[in-house]
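Only one chain is shown below, in C-alpha cells, and it's the form predicted alone.
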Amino acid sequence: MLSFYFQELMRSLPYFLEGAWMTIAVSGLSLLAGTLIGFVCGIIRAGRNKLLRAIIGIWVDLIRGTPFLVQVFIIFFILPSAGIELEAFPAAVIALTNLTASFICEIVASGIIAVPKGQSEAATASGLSNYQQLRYIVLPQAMRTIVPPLVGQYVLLVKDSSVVSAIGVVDITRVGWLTVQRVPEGLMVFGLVGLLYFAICYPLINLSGYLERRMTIVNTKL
C-alpha cells in the first residue's frame, strides 16, 4: 500500500514543483517590496520626527502583535466590503509585504540607532548634509548590524508564506492539502512539503550564517 501511495505522490510531483514556484513568486515579490518599504520606514523610525516615529511604531506593533492569518483574512475577505476586491495572489503579496516591512523596519531602525552618535556629530562638523550623513556615514556602518538578521527574516518570510494557502493560493502547502485527500498518507505527503520548503530556505540559511560570520570578522577588525 505504501508503494502505491508513493507512486501516486510521484505522479503529483509536477504539481508540487508548480506550488514551489508559486511560493517563490509570492515570497520573492513580497521580499523586494517589503525590503524597500521596511528600509524607508526604518530610516524614518530612527529619525528625529517624533510624530512619524509614533505613527510607524503603532503600525509596527499592530502588525507584529496580531496573527498573520487574521491579516490575510482582512485583506482578502473584509476589504471587498469596502469596495476593494483582490485576487488571492495580490492579496497574499500585499499581506506578506506588510508583514515583512514591519519586521525589517525594526531591524533597520535598530541598526541605525546602534551607530555611535559621535559619527553623525563628526559628519555634521565636516559640513555633510543629513542625506550625505545617512548615505556615506550611518548606513554603511549600520549595514553590519542589519544584514544578518535581514537575511534571517527572509527565511521567516518563506515559511510564513504557507499561511496564504488559506485563501486559495496554490503554493506548496495548498498542493499538499489537495494531494493528501487523494494520497491519505499524511507523513509522506507533508514530508515532501517540508523538504521543498527546506530546499528553498536552506540557501538563505547558509547565506545568513555566512554574513553573520563575515560581519563578526569585520567588526572585530574595526
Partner chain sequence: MLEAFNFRVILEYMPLYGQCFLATLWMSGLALLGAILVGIVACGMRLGQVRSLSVLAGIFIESIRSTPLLVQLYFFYFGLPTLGIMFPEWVTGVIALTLNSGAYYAEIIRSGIQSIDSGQTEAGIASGMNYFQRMRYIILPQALGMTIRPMLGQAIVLVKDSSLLSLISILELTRAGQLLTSDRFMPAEGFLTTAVFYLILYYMLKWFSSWSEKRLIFREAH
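The model shown is predicted, which means the values in this text are computed figures rather than measured ones. Numbering follows the first chain given and starts at 1.
This protein has a second form, the form predicted together with the partner chain, left out of what is shown; the following refers to that one.
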Heavy atom of residue 55 within 4.5 Å of the partner chain in the predicted complex: no
Partner proximity in the predicted complex: residue 125 to the partner chain, non-hydrogen atom cutoff 4.5 Å: no
Proximity of residue 66 to the partner chain in the predicted complex, heavy atoms at 4.5 Å: yes
Partner proximity in the predicted complex: residue 168 to the partner chain, non-hydrogen atom cutoff 4.5 Å: no
Contacting member of 114, 84, 143, 74, with respect to the partner chain in the predicted complex [4.5 Å, heavy atom]: 74
Partner-facing stretch of 74 to 82, 90 to 98, 115 to 123, 130 to 138, counted where any non-hydrogen atom is within 4.5 angstroms of the partner chain in the predicted complex: 74 to 82
Triple contact flag 28, 49 and 107 to the partner chain in the predicted complex, non-hydrogen atom at 4.5 angstroms: no
Residues within 4.5 Å of the partner chain in the predicted complex, restricted to 184 to 211 and counted by heavy atom: 184, 185, 186, 187, 190, 191, 193, 194, 197, 198, 201, 202, 205
